[in-house]
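Only one chain comes next, encoded as structure tokens, the form predicted alone.
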């Protein structure tokens, strides 16, 4: 029939829908037949797991919003009612509350994988930048969600963090007043944060869609960091990686369930179970664990404005990472200096997280400043490392098995598959 898309599906209902709205053809092309490098490891599971986690957060958030009261006098009590009186409300809240922490674990591992294997390099710069934008949106959403229970940490955390914008010259106090909706943290603030916390996940979902589109246009990177050179380097996404992702998903849900049912408050602060009291400041005011490294950077700089700039700069620097790294080689497998720097960066983030969880006094002040200097030194050194580093020889294709370099130089490797001509190893 003229004007209809030709559908190859055998099921008559699916074929009828697909001929008029080719969603099934699109899904089959992008997630069934999509050619994917054959050498993915389990680090490539975390992107799919993060998408599943986002859907869980949206679903549980919608049901929680039905029973939440966004007022200073009713917020804390409504959360307690959800936990005690709403059918399975305790489960929905614990899944949503711990899901935020699990989300950040997935995202941080996903970012580490992208940095370690050079997934930010050309032609995937926009793919990387949309990922960094997702990190910023996720941080904003998580912070606003942390305020909603209106416990002691919620109230005083909102007061401290929003006051940081007051350090911005000329417009700082105007921004603070806009965030508060008045001249102190109160009902208008809670309404603003509740509205944005409900809205931002759907914006995140839209950016995820752009992120996936960019991925399918440029193709996936792989652990070797070399481009696909023949059909023998790829396999269809389904069933190979749907099966592999399913294994990772089972492990993830098992860990998630153990946390929710056995240690549901492992990531939360005890003081947040106390109703907000504007007349009593908690002994310690700390953000959630996933923001602690940036909080440590903020406190390590004596000047307030400089500290705010360093805190935001520690995240925004990721946008220019594709241009800071001047090495022509992607994967840290073949970059001995960069590999050491990456593990040092992870250790530094752990150090900063530890500093951020403690009072800024004594040795923690020195540790925080050293950690802050080392963090920015990583990015400042990248251009020089790219020029001076001598990478190991790259394999000529994904299909050739790669063994550790033999003593005396040169990469290992087994025989090439039939039909793939042997070429000399290219020096990076």
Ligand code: HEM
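Numbering follows the first chain given and starts at 1. A quick note: this is a predicted structure, and the numbers were derived from the prediction, not measured.
The same protein also exists as the form predicted in complex with ligand HEM; that form is not shown, yet it is the one meant from here on.
Heavy atoms within 4.5 Å of ligand HEM in the predicted complex are found in one stretch of 209 to 217, 286 to 294, 300 to 308, 182 to 190, which is 209 to 217.
Among heavy atoms of residue 131, some come within 4.5 Å of ligand HEM in the predicted complex.
Remark: residue 103 counts among the residues lining ligand HEM in the predicted complex, judged by a heavy atom distance of 4.5 Å or less.
Of the heavy atoms in residue 57, none are within 4.5 Å of ligand HEM in the predicted complex.
The shortest heavy atom separation between residue 162 and ligand HEM in the predicted complex exceeds 4.5 Å. Three-residue candidate spot 44, 47 and 107; every residue lies within 4.5 angstroms of ligand HEM in the predicted complex by at least one non-hydrogen atom. The contact residue chosen from 154, 221, 141, 327 relative to ligand HEM in the predicted complex is 221, the criterion being a non-hydrogen atom within 4.5 angstroms. Between ligand HEM and the residues 111, 203, 83, 167, the one pair within 4.5 Å by heavy atoms in the predicted complex involves 111.
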